[in-house]
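Starting off, we have a lone chain in the form predicted on its own, written out as structure tokens.
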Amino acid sequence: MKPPSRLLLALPLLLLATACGTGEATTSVTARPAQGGTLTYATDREPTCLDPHVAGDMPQAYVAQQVLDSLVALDAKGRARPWLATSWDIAKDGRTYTFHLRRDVRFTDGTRFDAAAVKANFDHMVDPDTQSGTAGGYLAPYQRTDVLDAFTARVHLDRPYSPFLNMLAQAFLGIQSPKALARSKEANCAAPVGTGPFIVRKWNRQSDVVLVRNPRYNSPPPYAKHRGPAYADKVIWRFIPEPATRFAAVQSGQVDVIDALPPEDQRTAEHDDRLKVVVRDRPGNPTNLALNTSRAPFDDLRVRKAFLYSADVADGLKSVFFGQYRRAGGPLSYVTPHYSDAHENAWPYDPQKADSLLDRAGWRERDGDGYRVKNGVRLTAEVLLKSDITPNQLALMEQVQATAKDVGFQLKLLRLDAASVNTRYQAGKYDLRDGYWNTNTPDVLHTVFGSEYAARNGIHSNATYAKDPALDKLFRAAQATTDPDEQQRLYGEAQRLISAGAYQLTLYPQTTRLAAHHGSVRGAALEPALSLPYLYDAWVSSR
């Protein structure tokens, strides 16, 4: 890599120094790595598509991390490091990035990795037909890529965009074979092709994804612990939605590693000598209920404030998650760079304040069921939930529903299939929507609250429909500067405005929660960019 520019120096340093690192799960194990065998991994949710460019949800990123490489990586201090790009130059105006690429890498379908492949990937991410909510959203400033020569690609942006390298380090923007991208969307969803340590062999829907080792792998990231092909011959990526079944599977050794360790089983796992537990909170926008400000009743700031005061989140987390989840009170998870703790207690449980605000908003009367009414209309809000919501998450929603009822809100919890949720979400037909956004930069505030992401009738990431010119101005200024102190000030002011706007009921940070069986696996780790599971360095000892 060439000497870091001022822009590189502006990358957040706090995140990984305090929260991520490589997170190796088995640092106390002294056994030597062993080649071969099958590693069985179990998770709670099945992706709808394995191509992380499409839509862009965490289950896709989990699998993509094993199959795709990225242009850059983050180190333990949050600094961008070479990966498929050996170096890069950033223009003084921050609008042009020139990437110099490795010359010795091929995709697993035999296609050469080169500048044309980089262009094909960026173009694929921003193509409306790809329907990319995450990667495409991150590339909102993207204009075009010029292929300067076989191994040099120049990316043009429409504005200075300091979070760009952090975005590129995420699995959502993993690099795929242009030949594979040219297939149908369905074919690429079933088996994306990368340069990574594993190859998608087969996706057995509602059961598992079979990954096999890439025997010619030669491009591990700088945080990897070894070079050459992965240790395991095969990874069986199983889907076990039921929490107790998933935990029993790792306890018994039927699977080697699970994620989404159930909070009710965490203490048991921590005291089980057969298991190693790794829990790490992720950066970004915490799990939340987004209040749709584009329609009643939450187009009234007083009603939004009343709803936030009505929710007893702290007690709910304590009872539902057994004290294993901390409260997130502000719009950024505490492990996000430039996080401010000034807003953690901005919206405590206070039913008296909620009552007063609703009275002032004209919701003074109550009907026979105790709900508030105004002009003959009941104070009702529909909560959009996916049918695969976990039992713990549903229980927390029911507690929020109960305390909201005490002050006069009727919350209707709508559990719908994913397609129905997406259709209503894209059309803005909801009052509250549960969600989160994992990313490694405070610019997540722009993604979640920026006006340009509040599109009607289509894919959008601004679930609250917040449209505040003052916020937009702060986001543009923060993206344009390379001064960390100035970024802290600008993103800090953005957090203040967002908290004051009562756009979200924030609940708890997103967390990676792994349990690995000591008797059969070593080396399972978390990568630094998003704390995703990383199995390249893992080896199995009993299979």
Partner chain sequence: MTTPPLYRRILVRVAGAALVLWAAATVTFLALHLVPGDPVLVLLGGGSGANPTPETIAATRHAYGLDQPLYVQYAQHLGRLLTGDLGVSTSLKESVGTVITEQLPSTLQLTALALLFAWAIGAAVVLLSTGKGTVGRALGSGLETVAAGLPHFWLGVVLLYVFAFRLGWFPVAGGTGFVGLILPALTLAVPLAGYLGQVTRVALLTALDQPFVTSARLRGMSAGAVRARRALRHALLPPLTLSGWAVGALFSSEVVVEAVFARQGVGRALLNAVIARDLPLVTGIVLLIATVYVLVNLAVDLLYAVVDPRVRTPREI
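Positions refer to the first chain, counted from 1. Treat the numbers as computed from the prediction; the structure is a model and nothing was measured.
The form predicted in complex with its partner chain is left out here; the points below concern that form.
- You can rule out all but one of 350 to 358, 249 to 257, 393 to 401, 309 to 317: in the predicted complex, only 249 to 257 has residues with a heavy atom within 4.5 Å of its partner chain.
- Although the partner is absent from this view, D367 stays clear of its partner chain in the predicted complex, with no non-hydrogen atom inside 4.5 angstroms.
- Using a 4.5 Å cutoff between non-hydrogen atoms, R45 counts as a contact of its partner chain in the predicted complex.
- For the chain shown alone, G94 is not a contact residue for its partner chain in the predicted complex, no non-hydrogen atom being within 4.5 angstroms.
- Of the heavy atoms in G110, none are within 4.5 Å of its partner chain in the predicted complex.
- By the 4.5 Å heavy atom rule, the three marked residues A55, Y436 and S461 all count as contacting its partner chain in the predicted complex.
- Here is the short version: of P221, P337, P262, G133, the single residue with a heavy atom within 4.5 Å of its partner chain in the predicted complex is G133.
- Of the listed positions (S420, Q410, Q266, T152), a single one reaches within 4.5 angstroms of its partner chain by any non-hydrogen atom in the predicted complex, namely S420.
- If you take 219 to 257 and check each residue for a heavy atom within 4.5 Å of its partner chain in the predicted complex, you get R238, F239, I240, P241, E242, A244, T245, A248, A249, S252, Q254, in sequence order.
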